[in-house]
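Shown next as structure tokens: one chain only, the form predicted alone.
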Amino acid sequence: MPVLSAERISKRFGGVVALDEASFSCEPGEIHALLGGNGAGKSTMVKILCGVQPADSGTITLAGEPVTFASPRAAIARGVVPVFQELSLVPDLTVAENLFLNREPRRLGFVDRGSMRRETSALLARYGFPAIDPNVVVRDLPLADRQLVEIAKAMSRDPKVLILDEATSALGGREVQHLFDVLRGYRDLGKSIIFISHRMDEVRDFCDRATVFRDGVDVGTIDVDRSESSEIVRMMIGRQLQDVFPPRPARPAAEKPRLSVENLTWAPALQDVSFHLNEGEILGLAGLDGQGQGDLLLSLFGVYAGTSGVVRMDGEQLSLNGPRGVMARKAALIPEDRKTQGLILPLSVRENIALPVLPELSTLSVVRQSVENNVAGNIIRQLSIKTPSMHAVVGRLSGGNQQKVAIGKWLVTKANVYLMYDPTRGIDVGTKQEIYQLMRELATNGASILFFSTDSEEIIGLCDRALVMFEGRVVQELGPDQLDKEHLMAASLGLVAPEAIPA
């Protein structure tokens, strides 16, 4: 008997069909993936399963019993606990306060903070996250640690069914593998896990079965070990995915530096970083996650005060005293987190796209709406953004379409330098391929891209060169002939070149 199943679930949002009689079931002691492109209906199904929103029609059963969850609290009480990509933590509370929110241990009628801290330390140690301090305010944690706290909070409720909706997208490779080890032990206890990820290597490494959704319909359930990745991708997007990365052009005989960086320092995160980025080049930032790549991008965009060193763009020194001055020199930043840094979610698609160029679209401080509509419409068509209209609230779009808006708003500026922080994190393979193609087109047309990715395959397949960072320094440059997993890993760990290692 399935521990949790959904039969013929349908859901509409106005004229948009999110689910069309879609079905899904998860067995006890199983890790079951939900796969599909952005907007395929996966997250809508998950929200219905855990009481975030009701279905228009269909039946949900838990251990064979029909259920209707009126709220997430009701689902959690029955053992169905979700972890979403959008964190539910309260930023101004500590780790311990978040883990025990609304269920704080009490003594003599008062919150027993000492007991709460001790229990939090024990929970974090049990799940293999002992380095996270229970007393730290969540706002001060890096994104990866906040995601681990969210997962620990869910697991502390001892769920029968744990739902992970893109919950690993903010984690590095080592953190993901450690988390998988913990969750495999959880599965071995007879618990069930529903897992959504756009990283096919994670699905292959972690999952037992997978159900594929496309355009709101379930198109099949497969055994992961018995299925080829190409077949899974074909089910997801309705076609074969050939030539994932666009071809890398030959390097020009005479390279023209667009961005030159000399001894850039922002202690202790960055130490004497020097490199150059050529016109029409995609330059990768590689290395293990958290080695200063994000700090480098933010520093170059003028976000950090107190940087030292010399940065030149097209031969002229660039002041890093704030993003406004950097933007005026035709540089753009696609940040790490589209929801908190890249977009204003309550605003419309049109308003988000127009934000960087509002002064140019205004007369006497009044935005010319017809011009704004034209600008937004052009970007929507260029990037094939799926939205009911340009006036739709951007927070209601799928993750991949939100990311297209976060990138598209900078295309309006016609930037010469794009600083990209993991721009394909948490989006489906089809949309990733569209972004890869867009990046190569930008470079072909003369733009320069400094690109950090947590996916080594993207660095290898997309970049012309790569800089490997370790502890805030550039420790090695890899040319196109060295861009492979062996060279990347060896450089990331400070080892000698792979060909020099005895077999």
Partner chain sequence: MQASPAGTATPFDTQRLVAVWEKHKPIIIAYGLIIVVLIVTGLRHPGFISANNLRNQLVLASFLGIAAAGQTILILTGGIDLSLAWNLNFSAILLTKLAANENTFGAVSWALSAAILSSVLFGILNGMGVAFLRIPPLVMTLGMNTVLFGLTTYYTKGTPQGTAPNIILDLATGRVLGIPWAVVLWIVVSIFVVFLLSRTNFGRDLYAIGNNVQAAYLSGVSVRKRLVASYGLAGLFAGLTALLLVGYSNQSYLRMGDAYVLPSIAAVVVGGTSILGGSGGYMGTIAGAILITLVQSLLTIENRPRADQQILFGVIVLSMLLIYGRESKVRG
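Predicted model only: the values in this text are computed from it and were never measured. Between two forms, the rigid core is defined as the largest C-alpha subset superposing within 1.5 Å. Residue numbers count along the first chain shown, from 1.
This protein has a second form, the form predicted in complex with the partner chain, left out of what is shown; the following refers to that one.
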The partner chain: the contacting residue among R312, R234, H391, R118 in the predicted bound form [heavy atom, 4.5 Å]:
H391
Counting any non-hydrogen atom inside 4.5 Å, which residue from F195, F100, W410, F206 sits next to the partner chain in the predicted bound form?
W410
Which of these stretches, 176-184, 145-153, 89-97, 354-362, has heavy atoms within 4.5 Å of the partner chain in the predicted bound form?
354-362
Every residue in L333, V367 and E372 with a non-hydrogen atom within 4.5 Å of the partner chain in the predicted bound form?
yes
Is there any non-hydrogen atom of K386 lying within 4.5 Å of the partner chain in the predicted bound form?
no
If we define contact as a non-hydrogen atom of the residue within 4.5 angstroms of the partner, is G302 a contact of the partner chain in the predicted bound form?
yes
So in the predicted bound form, is the partner chain close enough to P268 to count as touching (4.5 Å, heavy atoms)?
no
Flag A415 as yes or no: does it have a non-hydrogen atom within 4.5 angstroms of any non-hydrogen atom of the partner chain in the predicted bound form?
no
At 4.5 Å, heavy atom to heavy atom, what parts of 154-184 sit next to the partner chain in the predicted bound form? List them in sequence order, or say none.
none
Aligning on the rigid core, do we see the C-alpha of Q317 shift 2 angstroms or more between this form and the one not shown?
no
Core-aligned, is the CA shift for G172 between this form and the one not shown 2 angstroms or more?
no
I want to check P388: does it shift between this form and the one not shown by 2 Å or more at the Cα, with the core superposed?
yes
